[in-house]
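Below, in structure tokens: the form predicted on its own, a single chain.
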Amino acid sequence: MIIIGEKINSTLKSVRPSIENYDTAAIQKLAKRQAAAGASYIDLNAGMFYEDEPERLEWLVKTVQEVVDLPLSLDSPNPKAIEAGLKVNTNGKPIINSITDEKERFDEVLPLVVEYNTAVIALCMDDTGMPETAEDRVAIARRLIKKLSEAGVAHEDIYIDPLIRPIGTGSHYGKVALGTMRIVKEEYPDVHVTCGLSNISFGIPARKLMNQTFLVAATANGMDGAILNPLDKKLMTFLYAAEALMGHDDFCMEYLTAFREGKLEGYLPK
């Protein structure tokens, strides 16, 4: 599973002051903790600072790169902020988070993907809005994959996000997301399928329980990447188990290693 660590995000009340005050130590500590917990990428978001987002995202990239060598995910709808981060990136191939099939956004973000040779998260959304059915989302995914491929983006650098909407606002949204994942992965096995996992539980109680259960269901339906909190030990425990059950962990080696290292919540090696 490709784990995109979500914690350095200006929308989080516990993190926003650290970005606002340019608190290097706090940001670097959070980056190192996510790396140690198993993150594959560190996601960076400064979007709450509308007036100087490019400057702050650039600072986040420089700050995180000083202490971890993981590639970064640059999370912004603002092409200027994304490019500011890309210009100072030195940690290998980053992910642009994100592009959509909305004409203006696609036309602004695609040149950055091509020029800087990045991977990209592509949301199943177009100028008509957020589709209500899996069929409509898959249709957008097909268009996005076709257009990105024609621009020279390899399938393994494309991450399709089916758009996770809270099930508290529509009981069908879990099923729609899972159906979209399954079809996309079946049709495009080399394309990654990802999502912002915790969006599924927004607005309902016991969110962690819902996130854990959705992680297992999504893994069973083709998700091979997730934007999540790697510091949630129980969530990571479910991830190791789900990967093994789905045959993504040869001879359960990652699961066994996690057990021996005490990473499975509630289970300590003897």
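Predicted, not measured: the structure shown is a model, and the values here were computed from it. So that there is no doubt, residue numbering starts at 1 and follows the sequence shown.
Form predicted in complex with a further copy of the same chain: not shown, discussed below.
Inset, instruction - Mind telling me which stretch in 44 to 52, 212 to 220, 28 to 36, 62 to 70 gets its heavy atoms within 4.5 Å of a further copy of the same chain in the model of the complex? - result: Selected stretch: 212 to 220.
Inset, instruction - Find out whether any non-hydrogen atom of L231 is located within 4.5 angstroms of a further copy of the same chain in the model of the complex, and reply yes or no. - result: No, no contact at 4.5 Å.
Legend entry - Partner proximity in the model of the complex: P131 to a further copy of the same chain, non-hydrogen atom cutoff 4.5 Å: Flag for P131 set to no.
Legend entry - L256: touches a further copy of the same chain in the model of the complex, heavy atom cutoff 4.5 angstroms: Yes, L256 sits close enough to a further copy of the same chain in the model of the complex that at least one of its heavy atoms falls within 4.5 Å.
Inset, instruction - May I ask you to state whether T90 is within 4.5 Å of a further copy of the same chain in the model of the complex, using heavy atom distances? - result: It does not: once a further copy of the same chain is placed as it appears in the model of the complex, T90 has no heavy atom within 4.5 Å of it.
Inset, instruction - Could you run down 178 to 215 and flag each residue that has a heavy atom within 4.5 Å of a further copy of the same chain in the model of the complex? - result: L178, R182, E186, I200, I204, P205, A206, K208, L209, M210, Q212, T213, F214 sit within 4.5 Å of the partner.
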